[in-house]
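Here we start with a single chain on its own, the form predicted on its own, put down as structure tokens.
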């Protein structure tokens, strides 16, 4: 299996998270990605961070109600004030009485370290 990084989050997709077509809303998935990314940057620096860019995001498959959504994250680039993460999202679901795992989304997200006033700061590494 490829190295997707560490397990960061695991949550069940609920009916309240659906779009008008009955699939899980992309914005909800993006929030899970952001949570996973913020947990990933804590591997290097426990201070405050702000999400500054979603450098890429590709939805490959739909997430369904009841899927267990799992996010893996790893650091792919470190600057003086920023950290770039790669997040991979999977959905575990039952299809015809068999549990399957589907790769649903990939994202690259950049975070910048900030101080208590919200200004950029150097990383503490």
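Every value quoted in this text rests on a predicted model; they were computed, and no experiment measured them. Positions refer to the first chain, counted from 1.
If you look for the form predicted together with a small molecule, you will not find it shown, but the lines that follow are about it.
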| property | result |
| --- | --- |
| The small molecule in the predicted bound form: contacting segment from 91-99, 62-70, 78-86, 39-47, heavy atom within 4.5 Å | 78-86 |
| Exercise: residue 114 in contact with the small molecule in the predicted bound form, heavy atom 4.5 Å | yes |
| Residue 110 within 4.5 Å of the small molecule in the predicted bound form, heavy atoms | yes |
| 4.5 Å heavy atom contact, residue 35 and the small molecule in the predicted bound form | no |
| Exercise: residue 124 in contact with the small molecule in the predicted bound form, heavy atom 4.5 Å | no |
| Non-hydrogen atom within 4.5 Å of the small molecule in the predicted bound form for each of 51, 55 and 118 | yes |
